[in-house]
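Just one chain follows, in the form predicted alone, and it is written as structure tokens.
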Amino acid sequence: MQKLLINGKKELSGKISISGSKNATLPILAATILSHQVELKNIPLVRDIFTMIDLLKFIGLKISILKNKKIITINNTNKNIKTLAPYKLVKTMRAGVLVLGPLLAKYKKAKISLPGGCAIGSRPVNLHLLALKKLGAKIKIKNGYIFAEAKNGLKGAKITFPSISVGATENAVLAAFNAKGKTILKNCAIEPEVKDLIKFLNTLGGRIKIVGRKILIIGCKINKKHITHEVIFDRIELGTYMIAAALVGKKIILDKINPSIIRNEVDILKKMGVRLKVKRSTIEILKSNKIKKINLSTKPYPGFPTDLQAQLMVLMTRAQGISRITESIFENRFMHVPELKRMGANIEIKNKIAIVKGPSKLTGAEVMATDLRASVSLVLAGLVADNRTIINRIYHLDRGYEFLEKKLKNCKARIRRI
């Protein structure tokens, strides 16, 4: 099993280009089930993307990848489509359930494996199913599979989500794309990745509009045989490297971004004393010696993202005083804390609040990754820690970070995979 070795306390400088968004690409790939021919640009070459591609190939789509150009071409002209997403292709990636909406919309039936367990919480699919039932689907769960059918097609409906869910919002939008009549979704997720999906669907011929947390969809048919779409940058990857630069950077430039999408994250880092310059398509992080304490809570966009909670906690260990971070999205997302404590962090968990007493001197240790964002928080801790850190189970990292070691090595980090 592969491991990462990191020798910390090395000051970093250089440039990092931010990759395309994994969390935007996955629902757009699912949406290609509705299309004829699509070219997707700026695709991140990470494991979750290849898993989704394998699922779409199993369903019957023809897919080719130009890895050097990060372009995927998808052709859906196969008349022998399988409306099935088997367990073996869904178990490692929850986004596989996003094929449910488009399969039901286009082929009027689907059999989708329930996603497997998730380290950061249960994340049930009940909100996905609530929306599909409102659109007229008949659904039953049997033998670990969701069986969905809409013999006469889906029909527009008014749907209010009891809580905000990115995945449920995306599945509902995909299902309602060609439903008869008008669909109104309320209390929706409005993350940039959701907006990028809607931009893709509107290019495909959709009539979808966002007003606040409400999404309006007028059912339509595909009117374009071939479209091209460029995926937005990965704001979580950007946030991760911004925090890395705040921890051990001398001068790091992060490019290929749109700063307007991450205003809240920039404001929080500024409040913590991070020195940075925001330009049109870059952010420059300068050496930041005095990190200040902060109290915050994870929230749906435009609030502070749960996917950056673990990384920010590492920065909190460098702050003067007591910081607090409340995890309000997932019920089990502090699994990195015991590993950070083994490295010398002073962190106490009370219910959904992590209390971080700083500054703490972190020292290298052998640690174990538990999920994607937890694993990268250990990388950040290793960069700032004394001596050597060994990170086990790094396959989590490969699910969502493209060329992580290469990007850090280019900034003079001492990191290698064994």
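Just count from 1 along the sequence shown to find any residue number. It should be emphasised that the depicted structure is a prediction, and the values quoted were computed from it without experimental measurement.
Keep in mind that the form predicted in complex with a small molecule is missing from the display, and what follows is about it.
The putative spot formed by 22, 95 and 165 is fully lined by the small molecule in the predicted complex; each residue has a non-hydrogen atom within 4.5 angstroms of it.
For the options 26, 369, 56, 384, the residue carrying a heavy atom within 4.5 angstroms of the small molecule in the predicted complex is 26. Checking 265, 191, 339, 237 against the small molecule in the predicted complex, a heavy atom within 4.5 Å turns up for just one residue: 191. Considering the small molecule in the predicted complex, the lone stretch of 140-148, 69-77, 322-330, 239-247 in range is 322-330 [heavy atom distance within 4.5 Å].
The small molecule in the predicted complex is not approached by residue 302, whose heavy atoms all lie more than 4.5 angstroms from it. In the predicted complex, at least one heavy atom of residue 126 sits within 4.5 Å of the small molecule. Contact annotation for residue 196: none of its heavy atoms lies within 4.5 Å of the small molecule in the predicted complex. Shown alone here, residue 306 lies within 4.5 Å of the small molecule in the predicted complex, counting heavy atoms only.
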